[in-house]
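One chain is shown next in structure tokens, namely the form predicted alone.
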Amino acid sequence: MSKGIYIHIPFCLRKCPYCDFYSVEYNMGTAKKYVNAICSDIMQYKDKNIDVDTIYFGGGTPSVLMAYQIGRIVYTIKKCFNVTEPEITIEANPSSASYEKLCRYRQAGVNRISFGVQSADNSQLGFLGRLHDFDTAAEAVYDASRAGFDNISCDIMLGLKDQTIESLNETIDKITTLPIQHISAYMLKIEDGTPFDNDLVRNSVADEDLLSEMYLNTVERLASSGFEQYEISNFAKDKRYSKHNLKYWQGEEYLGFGAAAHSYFNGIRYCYEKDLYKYIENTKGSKILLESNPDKTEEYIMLSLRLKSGISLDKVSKLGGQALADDIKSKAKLYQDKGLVQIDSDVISLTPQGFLLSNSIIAEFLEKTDEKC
């Protein structure tokens, strides 16, 4: 089965106060060394006959890199792996995505782009510390379309300070009129150690009840605009799902390159340290083993219940035994009565209301896994 490749670009022009992903301030000289290290790391897989069909540049802000640097990484990947009709995605900040740069990204082989728009309300964008306003974001989307991108995604964030159902709907309506095929809608989470990790911010954002209402409203409103929900936070037109992210949720293997990047390869999970300077100096020495024998039953249940397609009891039975499958079906019937789960033959999936309680529902199912495995 073809693998995915993830490239972590840990540079930002300015770090957003809600973000806990590994990133540092952009420096041209450091970025050059970092790209060299990534290409050198990728080269170790040359002639190993590994098939690849997705490449994903995440961050940080990958769009701070020059197009030729992205192109060099893509070229190195194609030189070292068997790359067939790949989906190549780059995350982009609208403030660092000019039309000329987007054209060059497209020429370098990038064919999918994900913009961190977050909101159509400029005061909400200011609260999030974003460098763009909505007009800039809309212009970036139109520029991407003009540059030849026909697979464009936008992020929306729920639960912001002063955000109401009405202002959220205005954001959804404005974004869905853009030439895009995919939307990721995330609920704001206050991460430990971030600038947002304080009571002033916590008391200014949506409470749990309002956040739940916003989420269910978003699912319904996006559906009415032709965006089908296929994962807890992801929606697509015409089945334009993120093929790369589906690899994570479907338990498929992928290789990560760059500081803080994770991998699941040859049945082993590992990552690189959150230290780009150490990665530049010694990529191999920066690796950390996470798990050498992951529980496939547990991972299947946990990851697949993020998807609208859910889990197959037949597959659960093959992985963990019939008793486990029966236990899960019994528990699922109780949740079905509460409108949180759907049961269709041997398939169990969560409803939008169930997605709001997914952590506790999945924990219940995993508790059964622990008892039976």
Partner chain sequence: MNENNIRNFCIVAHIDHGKSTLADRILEQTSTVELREMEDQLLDNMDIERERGITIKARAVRLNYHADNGEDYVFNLIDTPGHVDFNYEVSRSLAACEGAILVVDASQGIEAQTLANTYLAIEHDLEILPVVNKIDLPSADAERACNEIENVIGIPAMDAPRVSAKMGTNVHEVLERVITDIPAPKGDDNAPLKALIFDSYYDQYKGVIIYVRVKEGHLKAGDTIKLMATGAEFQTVEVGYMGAKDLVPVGELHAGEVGYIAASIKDIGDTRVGDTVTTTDNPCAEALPGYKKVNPMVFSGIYPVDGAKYPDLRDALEKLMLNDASLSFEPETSIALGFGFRCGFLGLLHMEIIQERLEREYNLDLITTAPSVIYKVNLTDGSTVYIDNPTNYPDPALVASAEEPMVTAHILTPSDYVGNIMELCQDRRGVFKDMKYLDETRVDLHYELPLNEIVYDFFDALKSRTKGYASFDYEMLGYAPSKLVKLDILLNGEVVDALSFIVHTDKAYARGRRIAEKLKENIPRQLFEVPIQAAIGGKIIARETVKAMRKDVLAKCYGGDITRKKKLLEKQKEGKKRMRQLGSVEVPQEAFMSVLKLD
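Keep in mind that this is a model prediction, so the values were computed, not measured. Positions refer to the first chain, counted from 1.
Separately, the form predicted together with its partner chain exists; it is not shown, and the next lines address it.
Proximity of Gln181 to its partner chain in the predicted complex: non-hydrogen atoms within 4.5 Å are absent; the residue sits far from the partner.
When contacts are judged by a 4.5 Å heavy atom cut-off, Thr351 does not count as touching its partner chain in the predicted complex. Put simply, Trp249 is close to its partner chain in the predicted complex: some heavy atom of it is within 4.5 Å. Put simply, Phe21 is close to its partner chain in the predicted complex: some heavy atom of it is within 4.5 Å.
Heavy atoms of no residue among Asn27, Cys103 and Thr136 are located within 4.5 Å of its partner chain in the predicted complex. Checking Ser95, Gln163, Thr283, Asn245 against its partner chain in the predicted complex, a heavy atom within 4.5 Å turns up for just one residue: Asn245. When you look in the predicted complex, the only residue of Glu170, Glu253, Glu299, Glu273 with a non-hydrogen atom within 4.5 Å of its partner chain is Glu299. The stretch from 195-203, 210-218, 120-128, 72-80 that comes within 4.5 Å of its partner chain in the predicted complex, counting heavy atoms only, is 210-218. Contact residues in stretch 326-361 (any heavy atom within 4.5 Å of its partner chain, taken in the predicted complex) are Leu334, Tyr335, Lys338, Leu340, Phe355, Leu356, Leu357, Ser358, Asn359, Ser360, Ile361.
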